[in-house]
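Just the one chain here, laid out as structure tokens, in the form predicted on its own.
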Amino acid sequence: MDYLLYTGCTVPLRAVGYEIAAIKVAKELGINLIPMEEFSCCGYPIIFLDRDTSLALSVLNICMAEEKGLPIATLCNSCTGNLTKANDLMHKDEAFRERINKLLEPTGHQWKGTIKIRHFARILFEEVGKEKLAARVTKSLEGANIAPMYGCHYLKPTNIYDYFDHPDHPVSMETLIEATGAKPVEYVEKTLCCGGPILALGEDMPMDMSERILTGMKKGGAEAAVVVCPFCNVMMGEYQSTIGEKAGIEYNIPTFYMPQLIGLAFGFTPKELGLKKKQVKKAFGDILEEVE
């Protein structure tokens, strides 16, 4: 099973461990994630300033994947959303398709509509499945309470994602967590936006948005959180102590990317997954007896 790996802008700069872990876990499962240097920004950061240019950037990346004849696997929710939205519009809206293909003429690329885009977590859920994942587990995470954080673009808008999971009561991340032996924490805020995409406009509102999510996790008894988007990790992980100080709450909820969580259950070391021993010990204590 071959996919072109689309990392977008944020993953290579702030989430290298996510990419490393995804490639390692994929290889263990017989999935070949192939990096492609020609890929560029998906255009999401400018979609509210210039919609056509933003989506044209996504279509350009899709065209390059079409020329390779391979589908795209994504790691970022925002990238997944912009690429999938652009591809969906190119299929359904003739006027949009003609307009975007006209914009792309100077690049020498034209959209043909021959490939699909899938978030890597969705690939694990739909194309690998819980049973195959569980069969690969060598270090069960049984006894750990893990809070899934879906974020906003992983499930919505549902129509462009073929309704593969329920937008308000999803189960796909819980299913992947269960495959590791861990117990998913149920809390109502798991599908809310973390606020990361609007950090450039100021920190106060994003931190207030993430405070609500982190507080929900803590009330649910989470010992760790798992995310599928670098923006969510920035807010849940990097900003967690700052949010806690502002709210007067000590959260102590280490954050992992989904492939890192699965990789630990597969027996990979924290170093192999771009993690720190202290982070793993803090989350799982004696569940993982030997942390190399």
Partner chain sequence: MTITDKSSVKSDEIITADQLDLNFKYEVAEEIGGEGILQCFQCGTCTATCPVRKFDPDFNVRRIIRLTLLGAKEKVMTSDFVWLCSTCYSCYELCPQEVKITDVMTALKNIAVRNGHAPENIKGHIPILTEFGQLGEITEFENTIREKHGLNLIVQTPDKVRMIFEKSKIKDLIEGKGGDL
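Residue numbers count along the first chain shown, from 1. Just so we're clear, the structure is a prediction, and the values are computed from it rather than from any experiment.
One more form of this protein exists, namely the form predicted together with its partner chain; it is left out here, but the text below deals with it.
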| query | Do I46 and its partner chain share at least one heavy atom pair within 4.5 Å in the predicted bound form? | reply | yes
| request: Report whether the minimum heavy atom distance between L57 and its partner chain in the predicted bound form is within 4.5 Å. | output: yes
| Even though its partner chain is not shown here, does A200 get within 4.5 Å of it in the predicted bound form, heavy atoms only? | yes
| request: Evaluate C193 for contact with its partner chain in the predicted bound form, applying a 4.5 angstroms cut-off between non-hydrogen atoms, and reply yes or no. | output: yes
| note | Among V128, M90, V137, L104, just one has a heavy atom within 4.5 Å of its partner chain in the predicted bound form, namely L104
| query | Does the trio I31, P170 and I177 actually contact its partner chain in the predicted bound form, every residue with a heavy atom within 4.5 Å? | reply | no
| query | Thinking of its partner chain in the predicted bound form, which stretch from 162-170, 138-146, 68-76, 114-122 has heavy atoms inside 4.5 Å of it? | reply | 162-170
| query | Relative to its partner chain in the predicted bound form, which residues of 133-172 have a heavy atom no more than 4.5 Å away? | reply | C152, H153, K156, P157, T158, N159, P167, D168
